[in-house]
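Next up is one chain by itself, shown in structure tokens, the form predicted on its own.
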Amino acid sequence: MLGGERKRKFRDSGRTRERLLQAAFQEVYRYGFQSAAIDTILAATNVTKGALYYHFDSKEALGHAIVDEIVANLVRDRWLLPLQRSQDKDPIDALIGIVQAIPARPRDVRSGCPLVNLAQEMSQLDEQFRKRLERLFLAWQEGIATLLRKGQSEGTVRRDLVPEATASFLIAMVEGYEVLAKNAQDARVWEVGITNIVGWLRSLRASGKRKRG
């Protein structure tokens, strides 16, 4: 009985932490980290301030957990896992498919990319934020670069490309168009961006490997 009670309390504690983390992410995504209100997070979860600080030592620790556990998962699910699953596919086709799969949901257009939002807001203010965000960007870059190197070795990707630089340029284009769409509050800006990015990706094919359409 005691063992079962401990397990139940552990599960309940884990659920409370997850609820706090998700509510905090929504608040930060909407208003930014500095303007995020702890009282709003507590009201959304019906959790006491003491319980919040039991799980997270400070507001900064809560923000770091948002990066490590939520934003990192967004990068993983949208980019890293699809890149890993594309090892047996044509690299350019795989990248085009991943880019085209990024949704242009009204909320995404309105609020932008969580990764970029936090990088723009916090990189100069908190070194721990900066380092965590940098790790996500570098993992994203390396995932793309790995696929491009594979394509070069197979003769499907241009050999004159530097994979790391090409990967960072792709990231810059994706995030840049997300920022433009957010500023314009118009999903059509993102749709134009997708078209332009796909056209650029097609130009990365090795000579003789260009596909029509």
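Not measured: the values here are computed from a predicted model. Start at 1 and count along the sequence shown; that's the residue number.
If you look for the form predicted together with a further copy of the same chain, you will not find it shown, but the lines that follow are about it.
Colleague: Of these, Ala37, Ala184, Ala43, Ala61, which has a heavy atom no more than 4.5 Å from a further copy of the same chain in the predicted bound form?
Modeller: Contact check passes for Ala184.
Colleague: Can you pick out, from Ala51, Met173, Ile70, Ala145, the residue that has a heavy atom within 4.5 Å of a further copy of the same chain in the predicted bound form?
Modeller: Among Ala51, Met173, Ile70, Ala145, a heavy atom within 4.5 Å of a further copy of the same chain in the predicted bound form occurs only for Met173.
Colleague: Choose from 43-51, 61-69, 145-153, 160-168 the stretch whose residues reach within 4.5 Å of a further copy of the same chain in the predicted bound form, heavy atoms counted.
Modeller: That would be stretch 160-168.
Colleague: Since only the chain is shown here, I'm wondering whether Ser86 would be in contact with a further copy of the same chain in the predicted bound form (any heavy atom pair within 4.5 Å).
Modeller: Ser86 lies outside the contact set for a further copy of the same chain.
Colleague: Using 4.5 Å between non-hydrogen atoms, is Ser13 touching a further copy of the same chain in the predicted bound form?
Modeller: No - in the predicted bound form, heavy atoms of Ser13 and a further copy of the same chain never come within 4.5 Å of each other.
Colleague: Please check if Arg30 has a heavy atom lying within 4.5 Å of any heavy atom of a further copy of the same chain in the predicted bound form.
Modeller: Although a further copy of the same chain is absent here, Arg30 would touch it in the predicted bound form, with heavy atoms inside 4.5 Å.
Colleague: Just checking whether Leu133 would be counted as a contact of a further copy of the same chain in the predicted bound form - the rule being heavy atoms within 4.5 angstroms.
Modeller: Leu133: contacts a further copy of the same chain in the predicted bound form.
Colleague: Taking a further copy of the same chain as it sits in the predicted bound form, which residues of 120-141 have a non-hydrogen atom within 4.5 Å of it? Please list them.
Modeller: Residues within 4.5 Å: Gln120, Ser123, Gln124, Leu125, Arg130, Leu133, Glu134, Phe137.
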